[in-house]
Structures are given as structure tokens and as C-alpha cells.
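Presented as C-alpha cells, the chain that follows is alone, the form predicted on its own.
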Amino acid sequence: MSEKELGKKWDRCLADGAIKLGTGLGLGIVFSVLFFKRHTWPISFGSGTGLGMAYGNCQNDLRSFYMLHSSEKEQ
């Protein structure tokens, strides 16, 4: 994998992390205000879920170079 390709993957990971963290944080705030009487745990839960999803996506994206796809395996 070239350095340029790795840089693009890291940029995608950081952008995905920022989007998912922001979305989780926003949903956590909305749920906290509307449904859970302004407790802070929905905010933490939403942020953690967003970061966890971004981490999983990034991990899969970075490992995709090393994984052998089924279409390549048959050839």
C-alpha cells in the first residue's frame, strides 16, 4: 500500500469519526433533553456509540488491503 493511499484512508477515517461523533453527540443531547430529564448518560452513550462505529469502519478500511476477497481467491 502506498503512502498516498494510506493517507487517503486516514483522512476518510478521521472524517468518518468526526461525523459519527457529532451525530451521536447530537442525538444524545436531543434524547437527553426530550426523554431522559436532562441526564448526561444519553450524551455519553451516543458519543461512545458514534466513536465505536467509526473505529470499526476505520479498522475494516485499513485491514482491507491485507484481506483476500472471495472473488480474488477463486482466480
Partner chain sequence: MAAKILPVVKLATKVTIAGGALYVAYGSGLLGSSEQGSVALGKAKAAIPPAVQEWMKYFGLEAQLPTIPTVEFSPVQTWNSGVRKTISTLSEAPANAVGYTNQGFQYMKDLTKKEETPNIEGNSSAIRSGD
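Numbering follows the first chain given and starts at 1. Predicted model, so just to flag it, every value in this text is computed and none were measured.
One more form of this protein, predicted in complex with its partner chain, exists but is not displayed; see below.
- Using a 4.5 angstroms threshold between heavy atoms, Phe31 counts as touching its partner chain in the predicted complex.
- Contact check for Phe35: a heavy atom falls within 4.5 Å of its partner chain in the predicted complex.
- Interface membership of Leu25, defined by any non-hydrogen atom within 4.5 Å of its partner chain in the predicted complex, is ruled out.
- Its partner chain is not drawn, but in the predicted complex it has no heavy atom within 4.5 Å of Leu51.
- Of all the residues from 10-29, those having a non-hydrogen atom no more than 4.5 Å from its partner chain in the predicted complex are Arg12, Ala15, Asp16, Ile19, Lys20, Thr23, Leu27.
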